[in-house]
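Next up is one chain by itself, shown in C-alpha cells, the form predicted on its own.
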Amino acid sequence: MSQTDNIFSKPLDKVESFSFDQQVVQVFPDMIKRSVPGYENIINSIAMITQRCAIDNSNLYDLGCSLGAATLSMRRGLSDKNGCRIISVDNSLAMVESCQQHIHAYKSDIPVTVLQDDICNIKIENASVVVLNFTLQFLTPEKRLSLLTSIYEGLLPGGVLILSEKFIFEDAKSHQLLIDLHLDFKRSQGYSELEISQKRSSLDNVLISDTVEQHYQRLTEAGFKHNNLWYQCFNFGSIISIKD
C-alpha cells in the first residue's frame, strides 16, 4: 500500500539531491500521481500502443521501470500476443525489489524479468516495444544519444519507442505559463509551497529536461525517421518513434 508523499513537508536543514531510495519507493505512486499531470493517461495508453505494435515472439523493454506501472500496462496489452516477454530494468535496488513484488501480485502467463542495472548497459535485441517513461531526463545529456541509438538498433522493423518526459520550451512566455500551470496542478493535489520549493531544489541538476525539438533531433540522429508527440499535458508529454 502506497503511503502519502510528505518527504518535503517539513523544513530541511539541507535539501539532498533527489534519489530513488527506499523513502521515495514507499510514496512513489502518490508522488508521481500528484506531480505528473496526465501520468495515468500515459500509463493506460501504453497498453493500447502495446496491443497494436507488439510483435509475436519479441522482447519488450521497460527502461527505468520504477515500480512497474508501465510494465504491467504493457503486459495487459500483450493478452492476444504469442511468445513475448518483458524485460524491466532499474538501477535502484529498492525500486527493483518493490517492482518484483508488484509484478508477482498480478498473475499472468507473460514472463517478466526485472533487473537491477544501469539501463545504458542493457543490450536491446529482438524488440518490438521499448518504454522510457520519464527516465531519459535523469541520464546525463551526453549519454542520451547512445542509449537511443542502442534502442533503435535493437528494435525490429515496425517497432516503437515510447518516450515520456518533462519538457522545456524555447518560447519564454509559453515556457513560463506551462511551468505555472504545472505548479497550479501540484497545489491542487495538496502540495504546499514548502514542498514544491524543496522538491524543486532536490531535483536541480538531477532532472535535466530538453525541448521537444531537441528530442526530435536526437531521435533522428539515433535513426528514427518517424517521431511524433502523441500526448501532452502542460509541460509533460510523450513521444512515439517508429522504426522503418
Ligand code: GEK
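All residue numbers are counted from 1 along the displayed sequence. Everything numeric in this text was worked out from a predicted model, so none of it was measured.
Not pictured, yet referred to below: the form predicted together with the ligand.
- Put simply, residue 171 is far from the ligand in the model of the complex: not one heavy atom of it is within 4.5 Å.
- Heavy atoms of residue 60 never reach within 4.5 Å of the ligand in the model of the complex, leaving it off the interface.
- Though the partner is left out of this view, residue 37 does not reach within 4.5 Å of the ligand in the model of the complex, counting heavy atoms only.
- Within 4.5 Å of any heavy atom of the ligand in the model of the complex lies no heavy atom of residue 150.
- Contact with the ligand in the model of the complex, judged by any heavy atom within 4.5 Å, is made by just one of 73, 128, 133, 98: 133.
- Residue heavy atoms within 4.5 Å of the ligand in the model of the complex occur in exactly one stretch of 100 to 108, 73 to 81, 153 to 161, 117 to 125, and that stretch is 117 to 125.
- Applying a 4.5 Å heavy atom cutoff to the ligand in the model of the complex picks out 20, 28, 32 from 9 to 35, in order along the sequence.
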